[in-house]
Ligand SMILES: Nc1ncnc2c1ncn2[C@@H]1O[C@H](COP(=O)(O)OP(=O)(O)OP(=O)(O)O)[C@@H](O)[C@H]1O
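Quick setup: one chain, the form predicted on its own, written in structure tokens, and binding and motion questions come after.
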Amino acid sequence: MIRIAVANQKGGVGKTTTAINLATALAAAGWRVLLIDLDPQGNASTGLGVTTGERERSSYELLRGDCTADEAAIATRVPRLDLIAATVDLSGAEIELVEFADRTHRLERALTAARRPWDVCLIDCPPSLGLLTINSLVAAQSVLVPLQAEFFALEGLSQLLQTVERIRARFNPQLTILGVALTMFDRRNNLSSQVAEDVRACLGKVVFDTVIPRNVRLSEAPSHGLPALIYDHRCPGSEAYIGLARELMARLPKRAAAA
């Protein structure tokens, strides 16, 4: 199972929207996908139409070891896409995990023990660099970074890259940057283009060619409990995520792409 952490310590950069729609696109391409909502706000769960009452076993119980990934995963309205939902209990996990000797490896061990034949796992990280995000980066093989095309986002990117280097040095030497996806791109704004140029000049081919535009349909979709790709697959935002998914699959191991 390929494990990808969707991470950015800055909030409001389209991280959850990216995780939901990429998971949907991969499932539509025939992959068996697991999406883990590791953000206490639970936006990925809500965005997939999973109500609070349906979240009997969540990522909180998974990290505590009270259930397995197979037991926590629930089917969504998207065929081949399963979800491990988040609840508000997850907000206290940062403190509770400190008591465990293996506090940084809880998620990795849970996923290693999983028995369902998922092809890929996307982990929607919280907008911080606490133990939840560290667990994600330790469990993942690669990181996908949604980056809002604004100046302040560049500072957050620098800090995240430093964190990835620390995780690689101490816990997970296999961790790599899968790519940086520019989100909320406004072609009418010169600043968006300038930020894009700066990021590409700095990171080169690490940055995906596809950019995700500002699009009202992307914002509307979560209120209907649907990924934008299902809510309106012809809108510019959905078409962009389909393009991003194609690029993503091209960067994944060939054995997975063949599957």
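Quick note: we count residues from 1 along the sequence shown, nothing fancier. Please read all numbers here as calculations on a predicted model, not as lab measurements.
Just so it is clear, the following notes concern the form predicted in complex with the named molecule, a form of the same protein that is not shown.
You can rule out all but one of 227-235, 189-197, 53-61, 35-43: in the predicted complex, only 35-43 has residues with a heavy atom within 4.5 Å of the named molecule.
Contact check for T24: every heavy atom lies farther than 4.5 Å from the named molecule in the predicted complex. At least one heavy atom of G11 is located within 4.5 Å of the named molecule in the predicted complex. Although the partner is absent here, A153 sits far enough away that none of its heavy atoms falls within 4.5 Å of the named molecule in the predicted complex. Interface residue remark: G49 is not counted as part of the site for the named molecule in the predicted complex, having no heavy atom within 4.5 Å. Residues are counted as partner-facing when one of their heavy atoms sits within 4.5 Å of the named molecule in the predicted complex; in 159-192 only M184 qualifies.
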